[in-house]
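As a starting point, one isolated chain is supplied in structure tokens, in the form predicted alone.
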């Protein structure tokens, strides 16, 4: 049985697409799956940095295309998880170095050996995006609760719907701040799903530990007691077929006084 090829995309840059790829891929591998991640952002590679693998890159995606190496030589294994591998983008080549047909061929080869192939798409809707979706049959759209990001996500959804190879797609809402939602200063989860009409795969709360993990080159799913790490791990579990509820970030937590009232007003059973 061949693996699943999932493109992770957004349209808008800076919404956490590469961070999501690194963490979802790591979480899937920690749950026992064989995972390959492809960085398709030719010229601006970052996925290797987030994985802490920048010093291990010998060959890149373009080196394989130009027949300078075999595909297995270009795949870099994660330092901690042997079932997790990365195919890095080239930093120096032009963006036309890879065609959609070549990307599809790479994905077809990888899904023979891996359970999941995650394709980290570059920002925008030009050639890089078309290449990234070429070999995929599923998509994860990353957005944040901002109107500009949601509008760009809506544009991406239209392009995915027009692509007959993408069989299903789901949404991940990143950088959610419950207090801002409760004070009506940020779009809520239901606001975003109402606008985009897409099934939600996961909600990632704002977490300053993301900055720490990015600078360390160690995905946040490896950090214990991290809110964002727990959310990414739950996304991986949903992809693996588990029923994991998405937390409700919209209802404000009860105040201390309200909790006391609940305790004292609860009828005692005799």
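Residue numbers count along the first chain shown, from 1. Fair warning: this is a prediction, and the values are worked out from it, not measured in the lab.
This protein has a second form, the form predicted together with adenosine-5'-diphosphate (ADP), left out of what is shown; the following refers to that one.
- Using a 4.5 Å cut-off to adenosine-5'-diphosphate (ADP) in the model of the complex, not one of 24, 26 and 234 places a heavy atom inside that distance.
- Checking 30-38, 236-244, 205-213, 65-73 against adenosine-5'-diphosphate (ADP) in the model of the complex, the stretch whose residues place heavy atoms within 4.5 Å of it is 205-213.
- Shown alone here, residue 111 lies farther than 4.5 Å from adenosine-5'-diphosphate (ADP) in the model of the complex, counting heavy atoms only.
- Residue contact check for residue 174: one or more of its heavy atoms lie within 4.5 Å of adenosine-5'-diphosphate (ADP) in the model of the complex.
- Taking adenosine-5'-diphosphate (ADP) as it sits in the model of the complex, the stretch 4-32 comes within 4.5 angstroms of it through a non-hydrogen atom at 13, 14, 15, 16, 17, 18, 19.
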